[in-house]
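Take a look at this one chain, the form predicted on its own, written out in C-alpha cells.
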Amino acid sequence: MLIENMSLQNLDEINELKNIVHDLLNEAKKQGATAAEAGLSVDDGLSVTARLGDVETLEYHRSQGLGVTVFIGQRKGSASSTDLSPASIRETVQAACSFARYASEDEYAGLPDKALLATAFPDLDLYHPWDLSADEAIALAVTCEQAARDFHVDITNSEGATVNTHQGIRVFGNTLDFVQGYRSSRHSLSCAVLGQRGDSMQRDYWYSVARDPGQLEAAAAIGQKAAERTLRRLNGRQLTTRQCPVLYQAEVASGLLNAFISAISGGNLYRKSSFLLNSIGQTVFPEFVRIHEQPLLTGALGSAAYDAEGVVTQTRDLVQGGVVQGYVLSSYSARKLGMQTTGNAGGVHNLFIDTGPDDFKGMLQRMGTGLLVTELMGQGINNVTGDYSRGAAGFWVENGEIQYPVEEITIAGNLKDMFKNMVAVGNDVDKRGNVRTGSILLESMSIAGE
C-alpha cells in the first residue's frame, strides 16, 4: 500500500501512520513477540542540478518504509519493508520473529526502561515546507552556478549547482505504549566549480542548508563563495616536514569533536576499542573547554525530543572544565557497561563547544605563524590508540596573515595530545550541521610534506 496524496501537513496524516505502527506492534505480540519496536517514515522532495547553464538532473523523490525489531525473550530479530499494506506488515513481522527465534540469546537485549521514555513533546519548529516548483528550482540552480562561473576568468569549469528540498513524517513506537511522530524538513543549495591558472587546477565548493528555506544563503552568494574558495587554492605549494601550530577552520573543526564523540560512545567503550576508556572524571581538554548537547534547540538540524528508542533527550554537559562528565549511550550499550542510557540512541543532538572572543581573523592573529587547515582527506583515525593522520590542504600563515595555499601534505598527532593542546575556539561558528563549532587552534602538530 502506498500512502497517496499526502501533503504532510496535518495531524490526520501523522495519526494515520501512528495507527499503522499500532497495528504492527499488535501483530508482533500476536505472533509471539514479548516486546517490539517499530519505525515508519514517509518522505517526499525535489532535487535539481544545473551544470554549465543547463539542467543536468531533475528528480522528484517519494519514499516510504517501515522497520520492526522484535524480542522473544532475550532473542532479537529485525525486518523492513516499503509496503504498508496489512498483508505486508504481517509478513514483515513474521520474518522478524523468525529471525529472533534463530538468534542467540543476549542478556542485554530489549527495550529501554519505560520510566525513561519521553512524555513531553514540545514544538521544536522543525517543519518548514518549501512550495518550490521545478522551474523555480532550476532558476535557483542556474543563478547559483552562473554567479560562480562569472566570478573570475580563471573559473574554467563546473560540477554544477544543486537545489534539494525534502520533507517528511517520522513515527516511532514500541510495546511500552509509546507511539509518537513529527514532521520535519531540510533544504539545501550547493555549488562546486573548477579553476585553472597555468598548470594549477583546483576544485572547491560551498553550500547552505536549513530547515527553513528562508534561512538559506542567497543563490548568487553561494556561487560566488564557491568560486572564491576555488581561486584562493590555485598555485598551492608543499611544505617541508615540520612541527607547527595548526588552526582548523570551522568547517573541518567539527571533525575533532566527532572523533571525541566516537571515543566516548557506548559501542566503542564496551568493545574496549576507544582511547578514552574509563574517562569519566578525567581531564581530557584544557580547563576552558565545555562541550554540551542541546537537543531541544528550536529549528536546529539535530533537534529531537526523543532518541531512536523513544528515550527522552536531555540538555547536558559532556565536558565541563576540560573534564569528561558522561558518555554517549543507548540502552543496549548502557546495559553492557552497567550504566543508564543517556538518550543518545542514534547519536548526539546539537553538539556545541563554547567559543572564545576571537573571530576568524583574531584566531589567525592568535596563531601567528602556522598552518590553516581548510580540507581533510582520508579516514586516518585509530579509535583504539587515538593516532591521527590525515591528508590536508589549506594555507600557510605568517604573523597572522595568510601567505599562500598549501597542498599535498599530511598532518599527524595523537588525539589525546591534540585535545589537551587545544589553545582556543573561535566564535566563527559553522551552524550548518549537528555539530557546531568555530575554528579550533591546536598548539602543535606534525606536518609531513616534501
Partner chain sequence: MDTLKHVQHAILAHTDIQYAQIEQIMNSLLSVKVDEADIYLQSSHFESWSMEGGIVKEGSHSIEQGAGVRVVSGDKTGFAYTDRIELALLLRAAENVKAIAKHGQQQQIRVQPTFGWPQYYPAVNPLKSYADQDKVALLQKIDSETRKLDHRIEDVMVSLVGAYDNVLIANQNGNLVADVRPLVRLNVTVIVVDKNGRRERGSMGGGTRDVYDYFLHGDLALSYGQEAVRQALVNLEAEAAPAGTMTVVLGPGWPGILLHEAIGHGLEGDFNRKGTSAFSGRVGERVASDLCTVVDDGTLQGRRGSLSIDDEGTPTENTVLIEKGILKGYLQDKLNARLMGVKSTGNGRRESYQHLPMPRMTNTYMLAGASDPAEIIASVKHGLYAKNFAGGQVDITSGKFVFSASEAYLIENGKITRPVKGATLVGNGPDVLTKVSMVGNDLELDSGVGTCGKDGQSVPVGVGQPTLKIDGITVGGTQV
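Model, not experiment: these values are computed from the prediction. Numbering follows the first chain given and starts at 1.
Omitted from view is the form predicted in complex with its partner chain, to which the following refers.
- Checked against its partner chain in the predicted bound form, the candidates L337, A218, I280, M201 yield a single residue with a heavy atom inside 4.5 Å, and that residue is M201.
- Checking T369, T119, T315, Q243 against its partner chain in the predicted bound form, a heavy atom within 4.5 Å turns up for just one residue: Q243.
- Shown alone, this chain has one stretch from 49-57, 395-403, 420-428, 24-32 that lies within 4.5 Å of its partner chain in the predicted bound form by heavy atoms: 49-57.
- The closest heavy atom approach of L415 to its partner chain in the predicted bound form falls outside 4.5 Å.
- Contact check for M377: a non-hydrogen atom falls within 4.5 Å of its partner chain in the predicted bound form.
- Put simply, S133 is far from its partner chain in the predicted bound form: not one heavy atom of it is within 4.5 Å.
- Within this chain, R271 lines the site of its partner chain in the predicted bound form, having a heavy atom no more than 4.5 Å away.
- Of the residues in 398-425, those that come within 4.5 Å of its partner chain in the predicted bound form through at least one heavy atom are, in sequence order, E407, E408, I409, T410, A412, G413.
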